[in-house]
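One chain comes next, on its own, written as structure tokens: the form predicted alone.
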């Protein structure tokens, strides 16, 4: 489980070197909200709580408010704004510069076979390039395997807005143990069938054969986030919502 520091940091502050995790083999991994200034200084780019995971030699800033700031390797849900000659412009959030998504950044894409996406359509993508001097760049294919690995256009369904901190908890490899998010498992245990994609930019896409299920899942996620519900309260909420639906 991640070890959380109680330290709250502000943009531009220097982080005490004693708080930075080290490992004799694994390199340090910086997550959202942190920037490396050569040769060795690490500074926050947003205000929030410093979180350190010594086991994974990683650290990041946990924050709920403010605008989404893209970080390399973030998974995001974006909306197509328009198409240019070689790429799409994609909106990540109202206060974040549009990202670019190359037309060929999809599995097995060629000029003839690439997805033809219209304004308003949704994509699940990975941030492949992010720095303060350039607009973010996205990809819908793994650079190592050439496969989509779940990325690409999102058809049907609905998108729900959640806080940035809650989105990060949902994306944790062990969201149940480390993020204390059990609402999705509870929904599945109650027999609801649905697909879900979580964007680090505070967006969750939900799809199901049943529109009622989509709305219920979205409501469960929003209430869990807004009311900061614990594990037991999440299970009670799911029972209540499922009972109302049936």
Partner chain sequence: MATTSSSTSMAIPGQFLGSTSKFQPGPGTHIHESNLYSSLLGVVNITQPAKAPGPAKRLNKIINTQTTTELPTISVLRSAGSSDKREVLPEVGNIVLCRVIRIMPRQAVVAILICGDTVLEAEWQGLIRVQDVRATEKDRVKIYDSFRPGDIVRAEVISLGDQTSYYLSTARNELGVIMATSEAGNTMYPVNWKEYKDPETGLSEPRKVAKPY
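Residue numbers count along the first chain shown, from 1. As the structure is a computational prediction, the values presented were derived from the model and not from experiment.
The following text describes the form predicted in complex with the partner chain, which does not appear among the structures shown.
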query: Partner-facing stretch of 129 to 137, 164 to 172, 89 to 97, 114 to 122, counted where any non-hydrogen atom is within 4.5 angstroms of the partner chain in the predicted bound form; finding: 129 to 137
query: Contact label in the predicted bound form: residue 27 to the partner chain, heavy atom within 4.5 Å; finding: no
query: Contact label in the predicted bound form: residue 38 to the partner chain, heavy atom within 4.5 Å; finding: yes
